[in-house]
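Below sits a lone chain in structure tokens, taken as the form predicted on its own.
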């Protein structure tokens, strides 16, 4: 396997990210709000604090990627 192929595929996926994010804007906003609200003051974000919102965003990204970007 050529390393240039790996980088080409990686760049291609990164080019799709803005369109995937646009399709999942509601889930991304919910995750962002959860992160922002749990890290107010000096509190640090820890694993599983926003797992429900993260899983919804991850699922949306996967679904949008499978459908293909229009």
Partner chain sequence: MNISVRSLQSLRGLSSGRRGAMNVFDRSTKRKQKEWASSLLDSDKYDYLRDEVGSRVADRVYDVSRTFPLALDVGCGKSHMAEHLSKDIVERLFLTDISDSSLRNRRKCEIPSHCVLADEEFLPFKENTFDLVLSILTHIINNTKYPVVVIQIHQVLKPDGVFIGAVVGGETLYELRCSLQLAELEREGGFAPHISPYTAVTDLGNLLGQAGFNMLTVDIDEVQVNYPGMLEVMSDLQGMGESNCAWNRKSLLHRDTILAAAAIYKEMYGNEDGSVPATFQILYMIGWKPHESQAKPVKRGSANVSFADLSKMSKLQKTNEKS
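Numbering follows the first chain given and starts at 1. None of these values were measured; they are calculated from a predicted model.
The following text describes the form predicted together with the partner chain, which does not appear among the structures shown.
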Taking heavy atoms only, is residue 51 within 4.5 angstroms of the partner chain in the predicted bound form? yes
The partner chain contact in the predicted bound form: residue 14, any heavy atom under 4.5 Å: yes
Although the partner chain is absent from this view, report whether residue 9 comes within 4.5 Å of it in the predicted bound form, heavy atoms only. no
